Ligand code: OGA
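One chain comes next, on its own, written out as structure tokens in the form predicted on its own.
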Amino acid sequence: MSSAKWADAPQGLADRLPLDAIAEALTDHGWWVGDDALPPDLTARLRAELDRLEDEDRLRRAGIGRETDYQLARDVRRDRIRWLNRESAVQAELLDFAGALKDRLNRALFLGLFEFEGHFALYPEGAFYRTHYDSFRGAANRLVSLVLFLNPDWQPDHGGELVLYADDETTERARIAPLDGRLVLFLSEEIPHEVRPTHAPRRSVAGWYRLNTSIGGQIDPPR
């Protein structure tokens, strides 16, 4: 989609997405892929923000697990991340988009999504993320995962595909190249997936829509 077409569209960014198609895809097979999902100038500014964070040495090696179970595991994943926190205008713009999309998904699918959490992710050359789920089955803390790719001029031999698997974690259901502006949504508890080894720096935003599972004075999501 050209920049001019984006400029002429009166509605908000989330309103431009094909909600009926997204809802049907998530219900039918558990994922949706959309190209040119956000304006090129926004993906360019997000990419520049990620590059700035890298230059300032503010990216950190990603781990697995949560809170007391958190650990670094280079045999599982080798990306570097920084959580989104509205420290810049472009981060706030993206989080506003994610919030508006949450509201649309709730209206269409009655999911009860509470909030979005996400981070920038940089996969240096040779990095990967082995097959995993974004949420343990039955945990109900992450329901819908979101990935936005920030890679102009990506070539097939660069690798780095997002691969979605069937329940057996070996049968491929989709292999998605990380093309600039491509947005992927999938069910966090239902879709095992991996990031294939990359042969060029691979940039993205990755995150999840969570439920509010606070109970008995224990706050979840934690603040």
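One-based numbering along the sequence shown. All of these numbers come straight from a predicted model, not from anything done at the bench.
Same protein, other form: the form predicted together with N-oxalylglycine (OGA), not shown, and the subject of what follows.
Contact annotation: residue 162 falls within 4.5 Å of N-oxalylglycine (OGA) in the predicted bound form, judged by heavy atom distances.
The closest non-hydrogen atom of residue 147 lies within 4.5 Å of N-oxalylglycine (OGA) in the predicted bound form.
With a 4.5 Å cutoff on heavy atoms, residue 14 does not count as touching N-oxalylglycine (OGA) in the predicted bound form; it lies far away.
Interface membership of residue 206, defined by any non-hydrogen atom within 4.5 Å of N-oxalylglycine (OGA) in the predicted bound form, is confirmed.
Here the chain stands by itself, but in the predicted bound form one stretch of 50-58, 166-174, 36-44, 193-201, 193-201, has heavy atoms within 4.5 Å of N-oxalylglycine (OGA). Judged against N-oxalylglycine (OGA) in the predicted bound form with a 4.5 angstroms heavy atom cut-off, the residues 97, 107 and 115 are out of contact without exception. Shown here without N-oxalylglycine (OGA), the chain has 119, 123, 129 in 92-131 lying with a heavy atom within 4.5 Å of that partner in the predicted bound form.
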